[in-house]
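A single chain, nothing else alongside it, follows as structure tokens in the form predicted alone.
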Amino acid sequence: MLRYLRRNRQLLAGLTLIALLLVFAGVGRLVWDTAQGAPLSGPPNRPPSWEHPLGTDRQGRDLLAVMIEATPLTLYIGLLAGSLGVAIGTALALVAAYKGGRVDAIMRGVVDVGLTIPPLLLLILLAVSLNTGLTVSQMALVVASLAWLFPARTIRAQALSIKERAYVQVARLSGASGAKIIFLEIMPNLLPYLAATFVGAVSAAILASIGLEILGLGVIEANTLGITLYWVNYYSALLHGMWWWFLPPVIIIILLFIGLFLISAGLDDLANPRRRRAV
């Protein structure tokens, strides 16, 4: 594995970048007082200084403390929503691909219709209806409600290809049950595709959650990257020249998406035999 990581530089760089962000959040909690991330905990509108390395916002929150809390919290929303989306999409895709016929047609129709509707519009309507008393985990569930559509389509296509291979036909002729064929014959060969699909689902979930939060449909009390940008927009920090307020969350979001993109590209190199490098 280590030899392969040295050859697959994209995967190694992506994992390193995400690990650095997690180390920043983990070590930051040990060496910095994250209680300063609460409103009115310090002087407002202060540029970066020794006392506040990233400055403070208009509510008096220390932005370094906010970033330490926001980075893992935003990643948590993406991981939870992405995990649920891939799990639901994979289960539906495997059943539809194996059963075929009417089951496959119904699932394919539902996915095609769902993908034609702008997902952000549906998420806004759902978030508005559930916005009262919404928690961070519930916010992730809102995002996950549509996160299964694209994984269902991609995994179904791969499962249909694997289903026709010789070893699956041999297992079927030997009398193996449908569940055994799905979990012992088809699923193991889908693991590289599932990993790449999972990373893509996490990226899409993070992007969707940030979009909802910027619109004020997230958990306002939570310190996430999207809510930080919501306050940036609410107080017109760009117009007032408060660069230290909007720059940290933007940089972290960029690094987060670059890391996830590199991981996805590296996993695609692992899953695609035409691009796979020899270990």
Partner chain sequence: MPIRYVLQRLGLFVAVVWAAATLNFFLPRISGQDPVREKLMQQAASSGYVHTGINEMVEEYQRQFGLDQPLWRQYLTYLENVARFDFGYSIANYPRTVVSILADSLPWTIGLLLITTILAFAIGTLAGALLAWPRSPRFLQYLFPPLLTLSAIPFFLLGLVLIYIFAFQLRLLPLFGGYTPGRFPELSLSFALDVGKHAVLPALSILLASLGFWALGMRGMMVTVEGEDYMTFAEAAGFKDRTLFFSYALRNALLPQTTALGLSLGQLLSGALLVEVIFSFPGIGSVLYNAIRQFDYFLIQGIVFTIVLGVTFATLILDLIYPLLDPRITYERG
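Numbering follows the first chain given and starts at 1. Because the structure is a prediction, the values reported are computed rather than measured.
Just so it is clear, the following notes concern the form predicted in complex with its partner chain, a form of the same protein that is not shown.
The listed set M187, A176, V128, A157 contains one residue whose heavy atoms approach its partner chain in the model of the complex to within 4.5 Å, identified as V128.
Contact annotation: of the candidates L141, V95, A171, I124, the single residue with a non-hydrogen atom within 4.5 angstroms of its partner chain in the model of the complex is I124.
Under a 4.5 angstroms non-hydrogen atom cutoff, its partner chain in the model of the complex has L217 among its neighbouring residues. Although the partner is absent here, P118 is a contact residue: one of its heavy atoms lies within 4.5 angstroms of its partner chain in the model of the complex.
Taking the partner from elsewhere, L239 is found to have a heavy atom lying within 4.5 Å of its partner chain in the model of the complex.
Its partner chain in the model of the complex comes within 4.5 Å of a heavy atom belonging to N233.
Of the candidate stretches 178-186, 163-171, 72-80, 107-115, only 107-115 has residues with heavy atoms within 4.5 Å of its partner chain in the model of the complex. Each of W243, F246 and I254 is positioned with at least one heavy atom within 4.5 Å of its partner chain in the model of the complex. Residues from 147-161 that approach its partner chain in the model of the complex with a non-hydrogen atom within 4.5 Å are limited to R153.
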